[in-house]
Ligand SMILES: Nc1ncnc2c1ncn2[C@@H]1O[C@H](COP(=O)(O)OP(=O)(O)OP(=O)(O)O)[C@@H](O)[C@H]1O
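Here we start with a single chain on its own, the form predicted on its own, put down as structure tokens.
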Amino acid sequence: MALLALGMMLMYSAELTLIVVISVALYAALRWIFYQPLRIASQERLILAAKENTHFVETVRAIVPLKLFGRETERKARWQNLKQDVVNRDARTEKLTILIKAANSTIIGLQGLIVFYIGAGLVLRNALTVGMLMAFISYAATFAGRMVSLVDMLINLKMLGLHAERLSDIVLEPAEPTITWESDLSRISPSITLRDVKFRYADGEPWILDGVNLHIPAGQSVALVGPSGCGKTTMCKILLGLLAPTEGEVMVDGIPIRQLGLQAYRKLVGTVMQDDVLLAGSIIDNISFFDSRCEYAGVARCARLAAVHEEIAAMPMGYQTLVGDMGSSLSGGQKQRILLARALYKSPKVLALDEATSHLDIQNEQLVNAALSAMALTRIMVAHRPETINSADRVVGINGGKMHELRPAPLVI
């Protein structure tokens, strides 16, 4: 439409067309001048809004300790300050937008006056008729309006780069490899080997694991012990393929897990991690992990092994009981045992437990340990409690990035 209007304008008067084109160029230059301040303002708004949203969600999640410590007023005041920062930034950004709109109106208004003034002179000199001048003004309005919209759209398109930059760290991160070389997992023996494994989170940081060598035969249970922060959970995540070792390799049945394929390897593994969560839904949904083909008998069998079946059956809705947001309607011990039942539902060959019984009473912990000991599973347990440690075939200590065997299993850690 802009090009068509420009062609018609040139047919009427090149002199008047030049005036219109100059006014549009002035507006484009003005938008370019204001682009950087507007970009900075938008960037600040994104950061401030992210801080406010994070603070709000964090407050809702932590409402219980906030009430218990009597910090509701301070927390609310802090959120209001963050919200006010967003509002103030919006107000300053809106001032820039109003200024740009005012400049646009001024430029287009002056263009109309100049075109009308010079066009009137052309009419007096019989270079144009009144009808031709009116037609030109109509085409000029179409051309200017379309070009202003185009400039605004290009500026807005360039502004999208802000969001792309904020997402680039995630979007440009290489995806986890999904190649699966092994299709027949039934023949894989659940023996795990760590060979010269080293790990640290960044160059220049100390080694969390420094030259670890470990072989876990199929069917053996191993307890990983050591002081808090020594690298037990990190080692567990490396064993599961969640973290790639900085040096060395992890093998299952003599095959490097990267060669086996992470997706294939994880089909062999059941896990209960420290930060595991339940999802909104029923208990049967969570134990089967929303398997559309789940069977009640299989779910109940896993719940019995996790020593939680009787408690679920005693609930008014049984396995259809809703667990609430992240399992908020369940006790810590019930949540852990349901997570354990979820891990067993996979029928894994390897079971990795990171403090999976830390919330259980001694009786339930003994029941769970007895049930797991009777299963033909390779078990890797990160533990501090003596009952869990004593149920293991081997006890491996981690300290200072090094690993050493502890025999016999210590009674107190």
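Residue indices: 1-based, along the sequence shown. As the structure is a prediction and not an experimental result, all values here were calculated from the model.
If you look for the form predicted in complex with the ligand, you will not find it shown, but the lines that follow are about it.
At the 4.5 Å threshold, heavy atoms of T73 stay clear of the ligand in the model of the complex, well away from it. In the model of the complex, P227 approaches the ligand with a heavy atom inside 4.5 Å. Using a 4.5 angstroms limit between non-hydrogen atoms, Q80 is distant from the ligand in the model of the complex. Although the partner is absent from this view, Q274 contacts the ligand in the model of the complex, with a non-hydrogen atom inside 4.5 angstroms. Heavy atoms within 4.5 Å of the ligand in the model of the complex are found in exactly one of 94-102, 80-88, 213-221, 230-238, that being 230-238. Residue-level contacts in the model of the complex: of R61, H359, H384, R39, one residue has a heavy atom within 4.5 Å of the ligand, and it is H384. This chain appears without its partner; in the model of the complex, the one residue of F289, Y296, F116, Y201 with a heavy atom within 4.5 Å of the ligand is Y201. Applying a 4.5 Å heavy atom cutoff to the ligand in the model of the complex picks out E205, I208 from 205-221, in order along the sequence.
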